[in-house]
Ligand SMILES: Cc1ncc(COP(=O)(O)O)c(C=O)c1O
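Only one chain is included here, represented as structure tokens and corresponding to the form predicted on its own.
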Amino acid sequence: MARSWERSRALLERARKSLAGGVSSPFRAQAPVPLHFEDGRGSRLKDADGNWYIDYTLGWGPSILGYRHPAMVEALGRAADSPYTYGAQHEREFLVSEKIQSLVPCAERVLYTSSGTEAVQIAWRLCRAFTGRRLILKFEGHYHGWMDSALISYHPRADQAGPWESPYPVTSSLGQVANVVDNVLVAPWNSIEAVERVFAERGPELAAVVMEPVLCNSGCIFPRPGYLEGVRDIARRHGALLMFDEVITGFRLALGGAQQYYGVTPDISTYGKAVAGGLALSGVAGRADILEMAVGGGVAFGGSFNGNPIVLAGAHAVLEVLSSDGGAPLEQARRIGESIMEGLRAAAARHGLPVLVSGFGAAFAVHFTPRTELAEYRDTLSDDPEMLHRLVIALLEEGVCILPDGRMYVSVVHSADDAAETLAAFDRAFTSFGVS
């Protein structure tokens, strides 16, 4: 029996009369209708029509502890009984910073923002100020926020992107001023030769090379063996900084993020999403001599809500849970996710579907593609978006919620029973494709 989303449809129509587009982010405006949710517990969400889902969206990644985790409920309950913000110092600022220092290899200093986009902006400003250089090297398909200066060559079409060897820097939105591309160079990811070529041509002008160390925003693609180390060496040789955007991989791929997992320490990195378990906290961690420029070093930086007591109470709870028992909760998420990934591959093979599952246990993506492996953004242009769209809708009917781009996030509270239910739902969804 088809699920009803009538109340979500009605709420959307009401919202459209006051809220632009009826949603707070256009990424959420997805078919069959932007669902309105009213509750969540553990690994599951309840929509406004009373339907429950095993949830793998986790608020687009932040809810690493799932919903209503006891540690979060207790911490936020206590925080709610005190001032929500001071615009001044308080103990939780350094308690959380010290915890991040204990986990993240590059974290000699930490600073806080409210969003990942803001974190990238101050990180890029610091890189430019520290080096006295203007250019940032980024990679096709990597997402570093929606501001003009960073939203370049995120998801360019094949006819926009230019030659693989020297991609065109492509703006991604109406209203972006054309000259933002003057400050950014673009290269294909996962090619040491491409990075060497850019630095050979423009090295003295490059302040930093910036990347998602695992390309989570464009398919959950791993770096090739030796790639991160190679870029680290090239940047150092040319006097540029290495920056990791760990908004997704931070506290999810490993307790210390991708830099711990791969053993490659950047000069500076950005964080968000999982760090506060669903609260609006992001930040920057990095070398002391770089980050100290933001306080008395001539680099402008601020924010009324930076490091407020509420979000840092949440962050402290999240980091304590994730690091408990030697990191056992995150290991649990990894194991559950990997079991789902293997099950999906097997189910797709049984049904004769061209499905590739890429990523790691706590964050992976489903692709309908003829390819057997993915190495960089342009490889994802072979994906079949219509097949993926059909799968997303079919899974909603089966009570499983994944992101519209095929991503699935696994929390520390997803269970083996959740995994079994999820794989059964995928099997039924694949059957509806009528291929097997």
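Computed from a predicted structure; not experimentally measured. Start at 1 and count along the sequence shown; that's the residue number.
The discussion below concerns the form predicted in complex with the named molecule, not included here.
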Quiz item: Does the 4.5 Å heavy atom contact test between Lys273 and the named molecule in the model of the complex come out positive?
Solution: yes
Quiz item: Is there a non-hydrogen atom of His144 within 4.5 angstroms of a non-hydrogen atom of the named molecule in the model of the complex?
Solution: yes
Quiz item: Is Asn183 close enough to the named molecule in the model of the complex to count, meaning some heavy atom within 4.5 Å?
Solution: no
Quiz item: Taking the shortest heavy atom distance, is Gln260 within 4.5 Å of the named molecule in the model of the complex?
Solution: no
Self-check item: Contact residue in the model of the complex, from Gly307, Gly359, Gly116, Gly314 (heavy atom within 4.5 Å of the named molecule)
Solution: Gly116
Quiz prompt | Asn217, Ser191, Ser149, Ser323 - the one with a heavy atom within 4.5 Å of the named molecule in the model of the complex | solution = Asn217
Quiz item: Of the listed stretches (136 to 144, 292 to 300, 69 to 77, 360 to 368), which one has a non-hydrogen atom within 4.5 Å of the named molecule in the model of the complex?
Solution: 136 to 144
Quiz item: What residues, if any, in 234 to 249 have a non-hydrogen atom within 4.5 angstroms of the named molecule in the model of the complex?
Solution: Asp245, Val247, Ile248
